[in-house]
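Just one chain follows, in the form predicted on its own, and it is written as C-alpha cells.
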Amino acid sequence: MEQEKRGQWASNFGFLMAAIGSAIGLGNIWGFPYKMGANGGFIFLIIYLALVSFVGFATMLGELALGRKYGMGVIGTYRKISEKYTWIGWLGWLSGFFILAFYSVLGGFTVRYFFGFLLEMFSSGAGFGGMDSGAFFGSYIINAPVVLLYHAIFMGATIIIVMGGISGGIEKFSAIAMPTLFVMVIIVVIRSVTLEGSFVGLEFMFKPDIEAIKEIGLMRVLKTAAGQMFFSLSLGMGCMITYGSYLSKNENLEKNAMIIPIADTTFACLSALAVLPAVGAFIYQGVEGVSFGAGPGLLFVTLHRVFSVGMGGFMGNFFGAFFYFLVFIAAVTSSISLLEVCTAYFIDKRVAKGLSPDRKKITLIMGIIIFLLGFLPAMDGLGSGRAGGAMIDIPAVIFGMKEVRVAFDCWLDFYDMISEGVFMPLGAMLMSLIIGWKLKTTLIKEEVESTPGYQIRAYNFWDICFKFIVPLAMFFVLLGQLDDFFGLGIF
C-alpha cells in the first residue's frame, strides 16, 4: 500500500529512460568533450571506459538495489539500514539540493540561448543584440534580473514535470524526451563531422597524445576521468537510490545497472562528436575566437560563435536553436531527478504516517526553496566584475596538514565544492564500504535474485568491486576534488 502511495514506474523502459536522463546532463555536453580532448584524447577515453566498467557499474547496482530493497528515498534508505547511517543519506540529499540550485541557473542559460537563436532565424540581431559571442555572454551573466527570469523558467519546467508524479510526470516526459534527445544529437553529429576541416576536431579527440599525458601527468588524467565518470552517472547524490525505490521486483537490476552507464557513456561520446569536430572545422577555416581550450565556456561562447559566425545565416541560427534545445532537454532530464530526491524524503515521511503524499504541494515548496537558493549564483555573474577580493574565504585543515585558505570566486563554485567536491564522493565511498564489509554483498545478491527466476551472473566481480575497487576509487576521487578546491598540491 505504501508503495502505491509513493508511486511506481509503469514500465522498465520508462524507468530506464528516466535513469539515463538523470545521468545525461550538461556535464556530458560541455564537460566530457573538453576533458577528453585536453587530457590525452583517446587515452582519456580508454581510462574513462575502464572506470565505468569497474566502478560505475558496481556503484549503480548498489544504489538501485538499496533503493528497491528498502523502498524509500536516500535518507529513508540509510535510516532503515541503521539509524547511525542516516547522516550518509543526508549527504546525498544535500548534494542534490545544492547542485539543483546552481544547475537550474545554468539550465536557464540554455533556454536563453535557444530563444536567442530562434529569434535570430527571423531577424538578425533580435536574439543577441548584434553582439559577438563573448560580449553577449559577458553582458548576460551580469544582468541579474534576466538570469533570474530564465532560472525561474527552467525551475518552473522542472517543478511541473515532478508534480505529475513518477509514472504520470517523470516517466512520461523521459520516455518522449530521451529518444528525441538521441535522434537530435545524431543529427548534430552528422552535421558536425561533415563540415570542412572537421578532421582537426576528430584528431583532437581520438589521436593518442602521449606528450599531453607527460605534461599533465597520468595521475591527474586518471583523477579527471574518475571525477567525470562519477558525476556524469549521477552517483552519490541519491538519484539512483530514489529511482530504484520505485522499481518493482520484476525488473532485472543487474541488466539495468549495465544499460544506464553504457547509454550515458555513448551519449557522452556522441556529445564530443557533436561539439569538437565543429570547433575543429572552424579552427581549420580560420574563424577567430574559436578554440578547444575554452573549458566550460565551450558551450556558451565557442559554440555560439561556431553557429553564428562559422555556419552563419539562417542555417547557422537553425542549428544553434536546435542544439540549445537539445541541451535544454538534457539539462531538464537531470534536474527532475535532483528535485525528486529532495521531494521523496518528505513524501516518504507522510506516507509512513499514513497520510496522503501531497506530492504537488511538497514539490512546489521544495522547488521554490531551491529557486531562492539559486539567487546567489544567479546574481553574482559567475564571479564577473567583482572588485577585488574573494566571494568567500575559508580556512581549512585537511588530513592533519597545515592550514590552507580557500577563496571561491563565485557562489556556483562554493555550492559545487560542498556537493560534488565532498558530499557525493564521500557518500559513495561509505556506501560501498557498508555494502562490502558491513551488510556484505550477499544483500545485493539477494535483492537482484528477488526478481522471479533470475540468478545473479557476476557476483564474484561485484564482490571484489564493492570491497576493494569502488572504495579506493571513491577515496581517490574525493582526494582529487579536495586537491582541486583547496590547492593541496597532491596531484
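Predicted model only: the values in this text are computed from it and were never measured. All residue numbers are counted from 1 along the displayed sequence.
Heads up, the form predicted in complex with a small molecule isn't pictured, but that's what we're talking about next.
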In the predicted bound form, F231 touching the small molecule (heavy atom, 4.5 Å): yes
Contact of N39 with the small molecule in the predicted bound form (heavy atom, 4.5 Å): no
4.5 Å heavy atom contact, V327 and the small molecule in the predicted bound form: no
Any non-hydrogen atom of G436 within 4.5 angstroms of the small molecule in the predicted bound form: no
The unique member of M155, C239, A268, A101 whose heavy atoms fall within 4.5 Å of the small molecule in the predicted bound form: C239
In the predicted bound form, the residue from L235, I75, L253, A278 that sits within 4.5 Å of the small molecule by heavy atoms: L235
Interface stretch in the predicted bound form with the small molecule - options 112-120, 279-287, 198-206, 329-337, non-hydrogen atom within 4.5 Å: 329-337
Triple contact flag M60, A428 and L443 to the small molecule in the predicted bound form, non-hydrogen atom at 4.5 angstroms: no
